[in-house]
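Only one chain comes next, encoded as structure tokens, the form predicted on its own.
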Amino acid sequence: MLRRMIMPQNWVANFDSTASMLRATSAYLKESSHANIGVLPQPLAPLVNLAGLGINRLPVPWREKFYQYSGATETISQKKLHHFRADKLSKWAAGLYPSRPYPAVMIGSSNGAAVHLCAALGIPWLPQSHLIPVRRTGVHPDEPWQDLSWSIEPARQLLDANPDIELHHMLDPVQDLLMSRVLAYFRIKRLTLGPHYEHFLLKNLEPGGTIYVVDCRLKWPTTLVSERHIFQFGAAGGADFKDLFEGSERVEEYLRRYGSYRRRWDPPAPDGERPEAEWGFAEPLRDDIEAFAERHGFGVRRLVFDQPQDLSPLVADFYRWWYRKRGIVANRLVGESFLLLEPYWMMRVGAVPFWMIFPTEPMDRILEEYLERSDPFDEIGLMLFSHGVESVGVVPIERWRQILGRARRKGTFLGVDEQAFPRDFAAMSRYHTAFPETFTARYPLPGPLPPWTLDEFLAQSQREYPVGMEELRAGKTLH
């Protein structure tokens, strides 16, 4: 009997940040836009095709079912996990980029602001983490002990076959309530470059080129289940540690609103803080990068920051500075969230990018603080990702309207159905077309900036950013 082979890209979730950011970066380097988060027509075809038929006008339970269905179509059977090979996934990721000389390459944490930095510098980004959505039933999203117990055997199969990764099994009943009913979030992190990342670097990184390590230091209280198997309850975005591990009035209200029999969660007791599953960087990969660079004469620099959104103000100011040097007025800002990002159209319409992890607290305050300390923007646009529930800490649409009101001339949502948010699932197709429909300006795609331009900007900037730039090994391309 012939068995259907699972292609490397079909192991990962396309509704995840990593896959979207990887495709967005590679699309820009091919001078292409990032339509429909890069996956038209599969696996989000049901949502995308129904967008024009008014999916957002359907009753709420139907919309939630469609959202769950879109996730269920991507899941992997736990019986097949022993077939997974992380190196094949790395080969696919590296293969998305044009094969040509690059003065630098970024490797590490998923980050939307880093995507725009790669676009400006014209360089690839290779992710450390990926999300494998594993099919499972019979586990209630409000029962973390059930999820942990279920995961032990599938995790063993995955890790036995892949000694160069660690598994961060995450259950977030806040952001991921709907998806958690049909799948488990198995996030893997590479601990070494592996043969395919090394091959890509040796083939495409210029002699003496620089490897930027994108090192997000975000930690989370977690439980070590076994060697390289970590269980994480909750995640960044809205709910804080107290909400998740001790309970609160807003957690009680949330659980009651969604018909749960619980009024607080009872997760396994954390035994330490470790890199956050989606955004945090696992240190062993940095050590391997340094050793590889030493052997082959490459430079290594580390971009270090504590929170995923810490890089966003720096990149926004960098773009504004660069636009003005190009003779662009730079009076337009576009706020992105999660996987809704578009480096191609950002550049074509001369917009300053400000990436937000989610449209949840405290991102509204962080964006507002940035606007308060910056020269005014004539136009402000916002793209809001919908995760499907009125969760703890989700920022209401009225608050986002208030922020749009800070524009001197025009503030507008980009592809957002204000009445449907946070169940605006059609936004995953509309965000892309909203750029050319909303903004009339058109600029040619610029040539890539040399990597040392970032140092020039930082030397001239009058502001301090919560981002460290550490040179671990000197490279020729920066000097």
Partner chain sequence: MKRKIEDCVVIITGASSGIGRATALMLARHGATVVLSARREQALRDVAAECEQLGGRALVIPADVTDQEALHHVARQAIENFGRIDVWVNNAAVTLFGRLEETPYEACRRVLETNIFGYMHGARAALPYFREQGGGTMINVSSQIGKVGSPYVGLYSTSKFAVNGLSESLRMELQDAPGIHICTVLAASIDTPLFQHGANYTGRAVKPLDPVYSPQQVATTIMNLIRHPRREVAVGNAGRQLMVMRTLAPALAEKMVARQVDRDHFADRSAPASDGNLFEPMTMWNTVGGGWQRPEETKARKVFGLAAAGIGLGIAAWMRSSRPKWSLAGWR
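Positions refer to the first chain, counted from 1. Everything numeric in this text was worked out from a predicted model, so none of it was measured.
Here the subject shifts to the form predicted in complex with the partner chain, a form of this protein not shown in this document.
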item: Stretch in contact, per heavy atom within 4.5 angstroms of the partner chain in the predicted complex, of 124-132, 391-399, 325-333, 105-113; value: 325-333
item: Answer option from 30, 57, 410, 442, heavy atom within 4.5 Å of the partner chain in the predicted complex; value: 442
item: Contact residue in the predicted complex, from 274, 320, 88, 348 (heavy atom within 4.5 Å of the partner chain); value: 348
